[in-house]
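As structure tokens, one chain now follows by itself in the form predicted alone.
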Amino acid sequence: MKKTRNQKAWFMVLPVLILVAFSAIIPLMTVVNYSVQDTFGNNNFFWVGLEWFEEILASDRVHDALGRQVTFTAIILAIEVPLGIFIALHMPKKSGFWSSLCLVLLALPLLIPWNVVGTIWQIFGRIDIGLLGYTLDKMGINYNYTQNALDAWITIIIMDVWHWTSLVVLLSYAGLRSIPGPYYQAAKIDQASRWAVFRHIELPKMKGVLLIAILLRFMDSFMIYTEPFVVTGGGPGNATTFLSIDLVKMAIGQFDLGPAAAFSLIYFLVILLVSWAFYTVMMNMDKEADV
């Protein structure tokens, strides 16, 4: 028997969709317009075609920023995903005071605005007044995130891990809580090891939420701007100049609107392509689970 679908719900969300489309399409069209033209002021534009795209794709500056961005995202995912799973596995399994307390404490970093996070760690890492910088200096460790590229990278990575690991923990914990009790009872009867329980029960049941966590963390880490800009400003030198920071410098600092527009479109397409790949994998996993 063929199921009939009620389409009336679309009329409820249609105004929101129109508003979002209107607010998104107009800025996008403006960016597209700048990406294929050049201007010398006074609103005089000259058609240049794909010249800006070719310039960006061949730019060593963009290649270097992309390399730093990919390295940062890879490090973040390699740390936060396993760490988030580990913390979720060791949280209280039963609902109660302690599980609620853990969830509240884990959610606190997620509530802090990004610019405030950058300010906190900027002060925290200072040698003169920051607890971290002052302590390391007294221990004889030469730490200065404003002058040493390695120190700047370590500071930004630790900052991002502190800020966003909680998201992976909360999603992983939700996936663990959705596993029915009989699975664990059967594993206990079979005398399965802790690793076997994780490998064959918990990890497969968490695949969906883990893909969502990886997708969200990829998108955010690949577009990160506020936190590293507040802490290091992209320095020392260009050591922490990621794609977003380089794009802002190009658009606002140098006022190269054409190349910046082409840069932003390429940036957007890369993120869209990877997000589409994650979405396809998730849909295929759901289909396999339904079979």
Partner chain sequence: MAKITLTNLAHSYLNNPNHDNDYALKPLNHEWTDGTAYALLGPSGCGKTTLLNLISGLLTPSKGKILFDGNDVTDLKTAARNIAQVFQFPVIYDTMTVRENLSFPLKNRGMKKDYIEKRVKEVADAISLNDILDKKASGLTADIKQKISLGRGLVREDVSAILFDEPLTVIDPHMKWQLRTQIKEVHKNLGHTMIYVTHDQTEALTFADKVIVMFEGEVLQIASAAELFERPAHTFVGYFIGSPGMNILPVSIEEDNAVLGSHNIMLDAKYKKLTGKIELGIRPEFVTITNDPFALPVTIDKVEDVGHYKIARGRFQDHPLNIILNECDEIKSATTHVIFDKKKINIYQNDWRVEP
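Everything quoted here is computed from the prediction, not taken from an experiment. Numbering follows the first chain given and starts at 1.
Omitted from view is the form predicted in complex with its partner chain, to which the following refers.
- prompt: Any idea which of 136 to 144, 149 to 157, 71 to 79, 174 to 182 reaches within 4.5 Å of its partner chain in the predicted bound form, heavy atoms considered?
  reply: It is 174 to 182 that comes within 4.5 Å of the partner.
task: Would you check, heavy atoms only and a 4.5 Å threshold, whether residue 188 touches its partner chain in the predicted bound form?
output: So residue 188 counts as contacting its partner chain.
message: My question is simply whether residue 167 lines the interface with its partner chain in the predicted bound form - judged by any non-hydrogen atom within 4.5 Å.
response: It does not: once its partner chain is placed as it appears in the predicted bound form, residue 167 has no heavy atom within 4.5 Å of it.
field: Any non-hydrogen atom of residue 192 within 4.5 angstroms of its partner chain in the predicted bound form
entry: Close contact exists here: in the predicted bound form, residue 192 approaches its partner chain to within 4.5 Å, heavy atoms only.
message: When the contact criterion is heavy atoms within 4.5 Å, does residue 200 count as touching its partner chain in the predicted bound form?
response: Yes.
field: Contacts with its partner chain in the predicted bound form - residues in 50 to 68 whose heavy atoms fall within 4.5 Å
entry: Residues within 4.5 Å: none.
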